[in-house]
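The chain below stands alone, shown as structure tokens; this is the form predicted on its own.
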Amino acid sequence: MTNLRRTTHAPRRRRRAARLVARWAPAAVLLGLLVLAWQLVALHNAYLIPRIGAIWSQIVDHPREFLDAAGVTLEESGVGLGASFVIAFSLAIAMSHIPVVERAVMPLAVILNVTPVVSLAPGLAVAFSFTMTPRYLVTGIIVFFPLLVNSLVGLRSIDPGALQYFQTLHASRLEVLLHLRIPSSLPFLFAAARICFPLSVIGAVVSEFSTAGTASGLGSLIEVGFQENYLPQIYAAIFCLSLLGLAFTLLVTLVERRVLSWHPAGSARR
């Protein structure tokens, strides 16, 4: 019986391994070619880009510096994203129930979205006495509009038949919200998260470029490397930022698969 189970599971494992290879092999090959091209260009143009070994040595030789900087950038992106989500989702709930709120808020949200946030950063830094608050605000402003729009569309994307069923049960607005609107909005919220989580890292770096603060992040390391004309530090910080964005994307994908296992949007990603 044990041998029979082993022979039964062996083809499944091979098929699973074959699917993994087929899924990741093209990306691995392309990444390898890009690394090779990078190294060849760096060997003959050291003034343009540093060699990969020099970038890696910068991280290995100064791990504490990059970990501390990554922690600051992660804090800025997390606080800004979290606060922006709470405000955007709360406004979306109000807009989905009260049309006048949408007519009042949406034009202002559009204006805020098209306003260059970098131009606001120096004024925010002066107004908040060069604390971390301007960095949180800049990060939150950058991700606010996609969070608001996706939340509003998601809350409105309910099945009319399901809504009529809730109405026949004399469900309250709160019950409709908790048991119908929010579950229906989850695919749209995860779509916004896939955009806004990496975007929050970009917002944190932009805030570090354009505001002064008591702590340094990866953007500050890039700025210091630029001032000192030291390319390995610049690209090492960029590499760490890429890892943060990749980690955010993987986290959202894993959570989405768990939460939306019942929904076609989640099952299609398995």
Partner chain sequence: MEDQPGLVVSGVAKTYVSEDGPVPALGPVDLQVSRGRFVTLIGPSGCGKSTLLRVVAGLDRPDTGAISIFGEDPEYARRLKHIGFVPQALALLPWRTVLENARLPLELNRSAGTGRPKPARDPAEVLRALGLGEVLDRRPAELSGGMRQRVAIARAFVHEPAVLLMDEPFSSLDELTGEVLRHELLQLWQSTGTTVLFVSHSVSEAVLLSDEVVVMTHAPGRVAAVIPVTLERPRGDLVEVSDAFRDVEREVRLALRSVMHAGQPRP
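Numbering follows the first chain given and starts at 1. Just so we're clear, the structure is a prediction, and the values are computed from it rather than from any experiment.
In what follows, reference is made to the form predicted in complex with its partner chain, a form of this protein that is not presented.
Contact annotation: Arg156 falls outside 4.5 Å of its partner chain in the predicted complex, judged by heavy atom distances.
For Glu75, no non-hydrogen atom is located within 4.5 Å of its partner chain in the predicted complex, even though that partner is not displayed. When its partner chain is considered in the predicted complex, Phe166 lines it closely, a heavy atom lying within 4.5 Å. Its partner chain is not shown here, and in the predicted complex it never comes within 4.5 Å of any heavy atom of Gly82.
Residue heavy atoms within 4.5 Å of its partner chain in the predicted complex occur in exactly one stretch of 130-138, 110-118, 196-204, 156-164, and that stretch is 156-164. Residues Glu175, Pro183 and Ser261 are all found to lie within 4.5 Å of its partner chain in the predicted complex, as judged by heavy atom distances. Here is the short version: of Ala171, Val149, Ala94, Met106, the single residue with a heavy atom within 4.5 Å of its partner chain in the predicted complex is Ala171.
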